[in-house]
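The data below hold one chain only, encoded as structure tokens and taken in the form predicted alone.
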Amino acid sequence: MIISSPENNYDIVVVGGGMVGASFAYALSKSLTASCPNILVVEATAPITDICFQSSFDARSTALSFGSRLIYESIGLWEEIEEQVSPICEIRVSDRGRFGSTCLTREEQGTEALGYVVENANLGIVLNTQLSESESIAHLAPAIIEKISPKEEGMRLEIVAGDNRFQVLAGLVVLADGGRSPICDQLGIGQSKESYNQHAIITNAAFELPHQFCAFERFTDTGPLAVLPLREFNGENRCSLVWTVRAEESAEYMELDDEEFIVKLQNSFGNHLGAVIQVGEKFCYPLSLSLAKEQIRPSLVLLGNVAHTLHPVAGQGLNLALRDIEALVSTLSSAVTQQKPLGDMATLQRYVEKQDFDQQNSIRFTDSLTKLFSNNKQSNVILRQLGLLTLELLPSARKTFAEQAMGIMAR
């Protein structure tokens, strides 16, 4: 339910009502329908719940793995999300200018799709609508946490909403406010960062040929170029691009006019979808591997980019966060059943131990791919050519690679 003023006490306060925070709050409320804790979600921006929201050519998007579909299915949200997605039925992986390529297909993996691409605004509308209609979740937005301080049992939050200020006590704070969290700074939670010396240029493009629900992971001299299928827009064959370039060259790319940018894009991507017809507004973000030095403290747990920000290669970020959510909800559900405090350190430690393998595996997967395919040393070139050749020739290796990308590896 949407509220204008919070109560004094909550079992759980979720800081951040974006895709991660909203997904967690809703998943927990569905898991504990009979004994749901008192949940407050605090979000800095006003929620969009208008299902008549009109998309645009430039809409930003996110890749959901097949494993993420299963998670959303388990909490009863996939049916609504499915109406907004473009499925990925095939993924073609190649190294520009060199031999070696492979193709992952849904038929070989025995699934309806390898993944899905959804526009962020549409996924946000689905999630915000559920929060606004929930009787067990209080949704306060726009509002910010101005101060947070640990107490003997829980956390005290000072919340500012418009001209109003509130003090709230929380048994557990779930921090999901993104990679640049001011609350982490307040609490002195450091980040371990490794810059990739790369920037991601994100835009949408229209191509001459329809994508046929095929995604491309094209490794170029500057880094990975991902081309993901989007739903058709005004009759145009639209795809989302995440193009990794060297940090020192990103300004040059951003300053190109559309015609010049299209020439560079066509040269790097080739004619897999025919000619590039149009590109949209470009956005640029620095890329690094950023890991919180602490994911938990008494009465505090970090989720999403605030806990781990990965390179966008293979689209693992949100999908890992959703698996973290699934594990955290399971852990907290057990704590409720056993009548243990949700913010108890032993409870939160069980969550961290449960997810440690998955997190480390995902970090290694994205980090290794990035470093292998973004460096043209002869040894790296040989390794990646052998790797792609192995994937193409050995179905078992291809299956393992696909399961990692699809988020369905055994944990």
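Heads up: residue numbers just count along the shown sequence, starting at 1. As the structure is a computational prediction, the values presented were derived from the model and not from experiment.
Quick note: we don't show the form predicted in complex with a small molecule, though the next part is all about it.
A single residue from the set Asn319, Ser299, Asn204, Asn128 has any heavy atom within 4.5 angstroms of the small molecule in the predicted complex; that residue is Asn319. Of the residues Gly178, Pro224, Pro341, Pro87, just one reaches the small molecule in the predicted complex with a heavy atom at 4.5 Å or closer; this is Gly178. Contact annotation: the small molecule lies within 4.5 Å of heavy atoms from the stretch 138 to 146 in the predicted complex, the single such stretch among 138 to 146, 187 to 195, 204 to 212, 257 to 265. Contact between Ala44 and the small molecule in the predicted complex is found at the 4.5 Å heavy atom cutoff. In the predicted complex, at least one heavy atom of Val15 sits within 4.5 Å of a heavy atom of the small molecule.
Remark: Leu291 does not count among the residues lining the small molecule in the predicted complex, judged by a heavy atom distance of 4.5 Å or less. Interface membership of Gln295, defined by any non-hydrogen atom within 4.5 Å of the small molecule in the predicted complex, is ruled out.
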